[in-house]
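Take a look at this one chain, the form predicted alone, written out in structure tokens.
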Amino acid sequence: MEGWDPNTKSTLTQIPLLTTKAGPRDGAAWTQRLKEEYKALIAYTGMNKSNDNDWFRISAANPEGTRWTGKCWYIHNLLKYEFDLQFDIPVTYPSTAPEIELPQLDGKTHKMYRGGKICLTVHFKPLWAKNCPRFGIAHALCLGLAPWLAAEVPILVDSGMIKHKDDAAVSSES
């Protein structure tokens, strides 16, 4: 955690670490892992709300907990930009991090792969590998998606690649 800003370090230390090394094919162990994932997500969401930093909603889209969907948002110039969020849990999870997708931004930035998968290879994947199996979904959002949004959304807005929903509504009316 050397070189991290104090806010990131503080946030990360408050997200519970996971202990069960299990993936979707591991039966009862996967159920235990999912319980730990939910506890970490609840803690992270609660912490964000108490710090007035609420920026995502997410839930399992299937009973097995292998598909997750939700919304994330970023405030830029006092305007809220909201995006659909989705990912599948890889079969090799937790050894392999989930590939977080923002489908609405597909093709709008070079820091994204086909299908709207955000680029996390250089900075996040080595960190995930080093902390496997202690990191989970909440950690991927905190250390993967949050910094990606902070880096990319202002550039996309300033370059005109994305528009605020109110701006888009005004331009379509005229």
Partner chain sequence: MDVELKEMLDDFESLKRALPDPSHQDSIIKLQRRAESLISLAQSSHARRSKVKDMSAEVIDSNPYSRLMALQRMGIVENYERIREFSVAIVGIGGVGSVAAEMLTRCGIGRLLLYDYDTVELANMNRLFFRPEQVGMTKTDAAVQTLSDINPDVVLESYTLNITTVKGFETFMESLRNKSFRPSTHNSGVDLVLSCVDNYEARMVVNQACNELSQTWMESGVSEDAVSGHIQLLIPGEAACFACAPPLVVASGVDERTLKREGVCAASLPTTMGVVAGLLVQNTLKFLLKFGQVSPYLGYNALKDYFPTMQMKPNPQCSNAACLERQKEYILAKPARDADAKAKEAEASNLTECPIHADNEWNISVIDDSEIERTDFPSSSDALPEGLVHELPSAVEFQKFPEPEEMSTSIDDLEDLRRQLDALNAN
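Numbering follows the first chain given and starts at 1. Bear in mind the structure is a predicted one, so any value in this text is a computation, not a measurement.
The same protein has a further form, the form predicted together with its partner chain, not shown here; the description that follows concerns it.
Annotated contacts: T19, L34 and P90 all touch its partner chain in the model of the complex [non-hydrogen atom within 4.5 angstroms].
Remark: C142 does not count among the residues lining its partner chain in the model of the complex, judged by a heavy atom distance of 4.5 Å or less. Although the partner is absent here, L85 is not a contact residue: none of its heavy atoms lies within 4.5 angstroms of its partner chain in the model of the complex. For the chain shown alone, P147 is not a contact residue for its partner chain in the model of the complex, no non-hydrogen atom being within 4.5 angstroms.
For the chain shown alone, L102 is not a contact residue for its partner chain in the model of the complex, no non-hydrogen atom being within 4.5 angstroms.
Along 112-126, a non-hydrogen atom within 4.5 Å of its partner chain in the model of the complex is carried by M112, Y113, R114, K117, C119, V122, K125, P126, in order along the sequence.
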